[in-house]
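Single chain ahead, by itself, as structure tokens, in the form predicted on its own.
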């Protein structure tokens, strides 16, 4: 897959069906990477995904008409935290990995949020070295580790906390 063939665009409620498919794939095959569980989200109606897309800033990476990657952004609520955004739900299908899809998604999120927040935060499972390297290359710095952040099938996973400052120099 050639990165030049990838198109990144904001997902809308009309994309709920393809978003649901890739989201469930991520939850099923990489459960340690998400705070939610496959069993919980597979039971949700399509309107659940449509409503989430309508209220968030989720972006998708398309190769032809196939959604091959996704990333969401949540802007913190409240006066004291509204300057921060949280990168969530990042997932690239196995068939599209190592083609620059993740890089394009994160770069798009950074540009989208640049004038909306001052700081983008994320957490990534400590074992996920490729993702950690990607985020580091794109200017995210590690600022902590949450021990035993997630528990999947009796195993604990630590999460590395990372952030990128977007304030103008």
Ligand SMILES: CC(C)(COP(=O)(O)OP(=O)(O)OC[C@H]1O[C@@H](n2cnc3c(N)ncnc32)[C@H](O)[C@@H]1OP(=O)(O)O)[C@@H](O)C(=O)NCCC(=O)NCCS
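Positions refer to the first chain, counted from 1. Small disclaimer: the values here were computed from a predicted structure and weren't measured.
Missing here is the form predicted in complex with the named molecule; even so, the following discussion is about that form.
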item: The named molecule: the contacting residue among 110, 53, 134, 117 in the predicted bound form [heavy atom, 4.5 Å]; value: 134
item: Contact assignment for the named molecule in the predicted bound form, among 30, 126, 42, 36, heavy atom within 4.5 Å; value: 30
item: 4.5 Å heavy atom contact, residue 101 and the named molecule in the predicted bound form; value: yes
item: 4.5 Å heavy atom contact, residue 83 and the named molecule in the predicted bound form; value: no
item: Partner proximity in the predicted bound form: residue 90 to the named molecule, non-hydrogen atom cutoff 4.5 Å; value: yes
item: Non-hydrogen atom contact residue 76 with the named molecule in the predicted bound form at 4.5 angstroms; value: no
